[in-house]
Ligand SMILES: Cc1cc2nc3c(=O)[nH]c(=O)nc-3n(C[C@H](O)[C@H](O)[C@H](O)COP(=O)(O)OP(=O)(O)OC[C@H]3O[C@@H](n4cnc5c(N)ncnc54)[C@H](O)[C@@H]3O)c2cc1C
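The data below hold one chain only, encoded as structure tokens and taken in the form predicted on its own.
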């Protein structure tokens, strides 16, 4: 596997461009290359692995990076497979793809690279596969802008990439299985975790007993995390959420409350817990900026978020465009690898996929849907917010401003609120605040990526000078952006 930012010249052509070198992208690239496909594998990180297999920087000289990971052997196996077909795979690290144009067997992939992402790079490919992963869903609460309040996945990324802890006494909160993994990693690394606050309940999993039985490995993994937490004396509190964080220069304590089934705080159940950091996240949502701009259709997941529509071979609704991993629905590393394998085989023209792979995907996807349904945010979480809570951190727009835009100025959707308050106009472009703003507007599908919000021609910020220099003469197809 060639690993060089200079390994391909501008507009060098490939059979397949894979956007994202996480588990799904690695599996897809390996599977396709093993059947003769020439692959360009692009990723914004300096090393392959994605968020799940994020690794410490080389200068940190970590002796046992595998200690921070589950399924490390699967990652090593993927790397070995890619190395075996290195003459057909070009890994382009530090390449931030901002647009994909064209179609009909001639796609142009545009990326930023170099120091401070100030250099433009383009290549062409007959087919494109999006393995763009996911990002955390954040629900605001009073005090969530204090230093020391970080995303649950962000805390894990700090540990994996920088070998640092967000604090010494870290409360973990939010919803979803990721919380258990984060808490286990933090305690193993030496942090004190006073408790894990899970906003949802676990009893709902009993309704999916057959799905759980078919995915016994997930139960084992959960039991391992639970054993680690038990060994370190970490309490797990279901139907509980952080409803406020307190502090001056940084977080010093949080207020927790018991929740009802709709995630409304129950009166008289609040209590305060001291801590110097909070790792909070309410699950993951697919990252779809690139495929949405390209016109790929989406479907609604059980937790209300949007994922790409794919067929049995992982084809999207746009000819020549494929998808695998979290972009088709958050389901974990094993499902991502399975989908990547299937997509790579299909791209290579292997029209009959192994039945074992198809059965594996089916049972893993069933578990993903069960997980999404059990941890879907309840509509009552907006009752955590007081008027002064900043909903949009980039533009410092408060809940009061959003509510006033709806009640007094007649805003009925997220786009109108954005025009009236600037909520969603900042650096993150509503990736973080979008669901919260939509819910405050009363949108029925408030956690969807595509709930009326326009797609964007650029998935990452691009200097105007580079846009002016960019070759826009790549072939285009009907329905594809230019």
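This structure is a prediction, so every number in the text was calculated from the model and none was measured. Numbering follows the first chain given and starts at 1.
A second form of this protein, the form predicted in complex with the named molecule, is not displayed here; the remarks below concern that form.
Would you classify residue 314 as touching the named molecule in the predicted bound form, given a 4.5 Å non-hydrogen atom cut-off? No, residue 314 sits far enough from the named molecule in the predicted bound form that none of its heavy atoms falls within 4.5 Å.
Given that the partner is absent here, does residue 17 sit within 4.5 Å of the named molecule in the predicted bound form, heavy atoms only? Residue 17: no contact with the named molecule in the predicted bound form.
Would residue 287 count as touching the named molecule in the predicted bound form under a 4.5 Å heavy atom rule? Yes, residue 287 sits close enough to the named molecule in the predicted bound form that at least one of its heavy atoms falls within 4.5 Å.
Is residue 42 part of the interface with the named molecule in the predicted bound form - any heavy atom within 4.5 Å? Close contact exists here: in the predicted bound form, residue 42 approaches the named molecule to within 4.5 Å, heavy atoms only.
Work out which of 243, 259, 97, 411 lies within 4.5 Å of the named molecule in the predicted bound form, going by heavy atoms. That would be 97.
The named molecule: the contacting residue among 336, 89, 323, 254 in the predicted bound form [heavy atom, 4.5 Å]: Going through each option in turn, the one that passes is 336.
Interface stretch in the predicted bound form with the named molecule - options 133-141, 396-404, 366-374, 263-271, non-hydrogen atom within 4.5 Å: Within 4.5 Å of the partner lies stretch 133-141.
Check 25, 52 and 156: does every one of them have a heavy atom within 4.5 Å of the named molecule in the predicted bound form? Result yes, every residue of the spot touches the named molecule.
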